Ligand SMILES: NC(=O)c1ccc[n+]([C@@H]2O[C@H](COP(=O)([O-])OP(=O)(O)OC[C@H]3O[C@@H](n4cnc5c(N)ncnc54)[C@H](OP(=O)(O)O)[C@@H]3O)[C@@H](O)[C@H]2O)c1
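Below you will find one chain, with nothing else, as structure tokens; this is the form predicted on its own, and questions on how it binds or moves follow later.
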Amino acid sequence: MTTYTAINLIARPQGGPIGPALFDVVQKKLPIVGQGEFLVKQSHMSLDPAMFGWMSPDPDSYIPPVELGTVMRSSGIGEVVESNHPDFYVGDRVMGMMGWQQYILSNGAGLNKVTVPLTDETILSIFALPGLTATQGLFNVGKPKKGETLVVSGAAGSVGSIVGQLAKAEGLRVIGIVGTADKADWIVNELGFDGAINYKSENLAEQLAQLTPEGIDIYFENTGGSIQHHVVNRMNAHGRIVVCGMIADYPKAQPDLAPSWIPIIKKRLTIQGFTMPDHFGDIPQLLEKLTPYVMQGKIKHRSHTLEGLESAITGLNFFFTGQNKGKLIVKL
């Protein structure tokens, strides 16, 4: 084979579903591997909510937008198939930012070797962006303490499910916000959360009060939506709000109104947004923190795998509809 398939971003989202009009499926020539370089055949690719921000034209975002006419940005995992690099050998598994393409030529920058004996799906579901995000956000931003109460939105998603399990392992009471009864059942009966709330149900304030009798110390925000108003009202003094994602607002031309700042003042709340590109240099320490939980069996996951590179184009819409059950992955 002398060519491979890649998908370029050619237009910006304008609100509403993601579709083929935003992308161009192209054929490229396999590159020649130069000195100090190696070629990776990507096997699995991660779909993440952060991609909506990467596709936007906002130049003031935490990371430059994907340039139109270039390969769509994404993380993935694959195998080195040819190498002229002294530190990477044929057969090595590597993980990092690879983009929507079957092959990637690299000099090693931004790619890390994978040595744990786990499947590619498990690696992407736990040790890639979701697990790193959960670990950084919970421990370094949320600063959990045993006995506290944590509420996490998007609790059945790739980040939220790990946040909740890490918090349970640290001795916190954990309540998850989800969008279906099936997801509520999964996080409570399989992952060990103390309770779940379907944000589509009624009497949200009453449900939240019942499940958090001692108030809320940490709120890990992955989704946005109206339930955040109720959560803020139940925050304890000196509580911490970790703002990781706002998937409910990404497809909207005008975001929903945020909660009042009055409780923020009264309760002396700390609110901090964070994104992983600020912490890519901390990945070794984050993996060192996360790995023991995984190897001790304290972190469960489930993957939702789509088949074929081009399935990524419409697969992104699963984040809006909630169709995905677990970490959304594309198998190439």
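Residue indices: 1-based, along the sequence shown. In this text the structure is predicted, and so the values were computed from the model without any measurement.
What comes next is about the form predicted together with the ligand, which is not displayed.
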* **Option from 46 to 54, 23 to 31, 66 to 74, 284 to 292 whose residues, in the predicted bound form, bring a heavy atom within 4.5 Å of the ligand** => 46 to 54
* Using the partner position in the predicted bound form, report whether G179 sits within 4.5 Å of the ligand, counting heavy atoms only. => yes
* Asked: Contact between T149 and the ligand in the predicted bound form at 4.5 Å, heavy atoms?
  -> no
* Proximity of I126 to the ligand in the predicted bound form, heavy atoms at 4.5 Å -> no
* Asked: With the cut-off set at 4.5 Å between non-hydrogen atoms, does M276 touch the ligand in the predicted bound form?
  -> yes
* Would you confirm whether the three residues T133, I247 and N324 all fall within 4.5 Å of the ligand in the predicted bound form, going by non-hydrogen atoms? => yes
* Considering M95, A167, V159, I216, which brings a non-hydrogen atom within 4.5 Å of the ligand in the predicted bound form? -> V159
